[in-house]
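Take a look at this single chain, the form predicted alone, given in structure tokens.
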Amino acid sequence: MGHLLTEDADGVRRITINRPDKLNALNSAVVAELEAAFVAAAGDPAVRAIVLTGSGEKAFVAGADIAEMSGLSPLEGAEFGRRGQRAFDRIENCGKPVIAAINGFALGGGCELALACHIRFASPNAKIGEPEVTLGLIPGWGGSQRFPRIVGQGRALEWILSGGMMDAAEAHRIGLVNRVVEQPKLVEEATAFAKKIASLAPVAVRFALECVLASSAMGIDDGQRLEATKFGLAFSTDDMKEGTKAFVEKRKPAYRGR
């Protein structure tokens, strides 16, 4: 993992993209490392939540590596897009909550990476956008799909078609980010929130995450059928028995993730 730093504490894995000389821009190597890192995190029972951020105070991820993209043929461009989509799908569907700590620029591929996370915290200096049309391109790593699912079609089109950048306050206003946190405390607060989730029943958290993610692709009837199925499955877990018993006994539950 030459471009990623990882740190584990209290059930939370912090993953930092460490390419500060390029403002953490994503080339093929970094994308492959991100995919591998989230496959590993998904398979590690000790990891219950994940915080993703970028190194330094200027950028979360400034975007995809334009120098790498500029010489691609149409077929190579499509494959480049599919590789990024696959990696970001791994993040969204890793089964564990992922909180993005957006500590500066999150443009193009960086914005799409943040969109693939489940919850987004941003510092006041964050600049977020999809400027691909200013380069004669379109979002290629899921941005045209996730952006409207999060903020609605009209707002997504406003930013994608203009190639503009929004600040953290605007991103918070339209629901793209959940919280705006001062830069010195951004990663700390994102990690504290992740630790709160990590203290809860892991199977229940995963079931709830799966139901919410599925809702955008399902009608209400299918979605509620999935919810009822997962709700029923939760009754089979030791964590459910522990949680209800602890509630009755007025004590803190000790969840074991099974």
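Computed from a predicted model, the values in this text were never measured in an experiment. Don't overthink the numbering: it's just position in the shown sequence, from 1.
Just so you know, the form predicted in complex with coenzyme A (COA) exists too; it's not on screen, but the next bit is about it.
Each of 23, 105 and 135 is positioned with at least one heavy atom within 4.5 Å of coenzyme A (COA) in the predicted complex.
Residue heavy atoms within 4.5 Å of coenzyme A (COA) in the predicted complex occur in exactly one stretch of 66 to 74, 203 to 211, 34 to 42, 49 to 57, and that stretch is 66 to 74. Although the partner is absent here, residue 198 sits far enough away that none of its heavy atoms falls within 4.5 Å of coenzyme A (COA) in the predicted complex. Mapping the unseen interface onto this chain, residue 30 falls outside it, with no heavy atom inside 4.5 Å of coenzyme A (COA) in the predicted complex.
Looking at residue 165, you'd find a heavy atom of it within 4.5 angstroms of coenzyme A (COA) in the predicted complex. Although the partner is absent from this view, residue 148 stays clear of coenzyme A (COA) in the predicted complex, with no non-hydrogen atom inside 4.5 angstroms.
This chain appears without its partner; in the predicted complex, the one residue of 95, 152, 131, 124 with a heavy atom within 4.5 Å of coenzyme A (COA) is 131.
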